[in-house]
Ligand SMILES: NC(=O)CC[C@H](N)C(=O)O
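To begin, one chain is listed below as structure tokens, in the form predicted alone.
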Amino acid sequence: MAATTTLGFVLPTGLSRRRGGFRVSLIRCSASPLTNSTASGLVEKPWDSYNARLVLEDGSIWPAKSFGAPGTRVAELVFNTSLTGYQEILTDPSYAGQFVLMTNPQIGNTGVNLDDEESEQCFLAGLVIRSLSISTSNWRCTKTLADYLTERNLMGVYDLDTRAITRRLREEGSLNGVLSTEQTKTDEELLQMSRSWDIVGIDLISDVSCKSPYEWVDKTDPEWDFNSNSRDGETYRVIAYDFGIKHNILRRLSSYGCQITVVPSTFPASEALKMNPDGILFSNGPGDPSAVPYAVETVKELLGKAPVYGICMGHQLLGQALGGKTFKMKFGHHGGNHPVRNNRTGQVEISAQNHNYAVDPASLPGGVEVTHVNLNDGSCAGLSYPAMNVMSLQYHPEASPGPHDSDNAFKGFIELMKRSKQSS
């Protein structure tokens, strides 16, 4: 295909599409990929060649270098502003169906270790970074990030202009894209793949939820524990619905005195109530809450039967079960530095967040209180419905990765269960 080359850009000729009423062209967004010149008798370059592409549905093409598994995959691209914690992000089931672009420029310098995993596998579709660290320097490291991604069959690319891509996502919103290391696939084929796929309306919870109930017993490792002075020593029986739950949510609940049974997303409400729980947790999870009406119905059946606590996806499902509506945000919240105000106390927490959907406060019925607000955009970050012993947060109190400001939310759930037991 003929191309006109300018400094830093290559614009393929004769290619254009119309999307949303305006003209979209395929634009190659960095210098032409380097080629291996060994065959021509020249010495092979001592650095990696551009052997991968990120193609976005807006027509932009970003040459990259691969450092994980090969192949071609399609997903929604989002950016994450966390400065560290990439391993927790890789193993967070809430990222199913997404490529995650890290805005922090250097990734991989701490390697990986088994202690930081938030689930048994990686669920995101691929990792996009600016610079891959050439060394690891952490005493807990057991292997490099590149080796880890290859073992987990997860794609990773680097040496892209992640600042430019992030600005594009902030201006246009989250974009579908394709990562590929297959040179036989043309840019046009990859672009068509990105435009023919959509994450909206897909049930992603079923693939990440456990398949049968199990007991969770692990607490937070004493080396990492905190807030231990705020616990009353009592024990509470909790049923945790797994919509994509993270290990540290379970560890923190256990550390606060909860005996936990984790159940699948499709577990009948009637069976959960037979266990006589003191409280019910609706966990975080990936995707569109409107795509899982069965989960909303389960939440409805359990409201008022026991105190409930919703986190992220659980918060959104509670919003729908209470009669409210959810909507897809422009580019979502993904990072460990989001300021949230507690409307009851006026206190501001720096929170860890990961979601693309939010509850519309105007759609909620009377009696439902918005307890927390995201100070970046004013979106709903927490709900309470005292009449049915309901509380929820649209962020991650377990802080994995992220700050510990919100850990007392677990204590709030404990107090909710305690009051309910005392009044029964």
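This is a predicted model, so every value here is computed, not measured. The numbering used is simple: start at 1 and walk along the sequence shown.
Note that the form predicted in complex with the named molecule isn't included here; everything after this is about it.
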Exercise. Among 347-355, 298-306, 108-116, 124-132, which stretch has residues with heavy atoms no more than 4.5 Å from the named molecule in the predicted complex?
Worked result: 347-355
Exercise. Looking in the predicted complex, is the named molecule within 4.5 Å of a heavy atom from each of 382, 392 and 409?
Worked result: no
Problem set entry | Listed residue (319, 279, 156, 286) with a non-hydrogen atom within 4.5 angstroms of the named molecule in the predicted complex | 286
Problem set entry | Among the candidates 240, 145, 90, 312, the residue which, in the predicted complex, approaches the named molecule to within 4.5 Å (heavy atoms) | 312
Exercise. With the cut-off set at 4.5 Å between non-hydrogen atoms, does residue 94 touch the named molecule in the predicted complex?
Worked result: yes
Exercise. Does at least one non-hydrogen atom of residue 372 fall within 4.5 angstroms of the named molecule in the predicted complex?
Worked result: no
Exercise. Does the named molecule come within 4.5 Å of any heavy atom of residue 396 in the predicted complex?
Worked result: yes
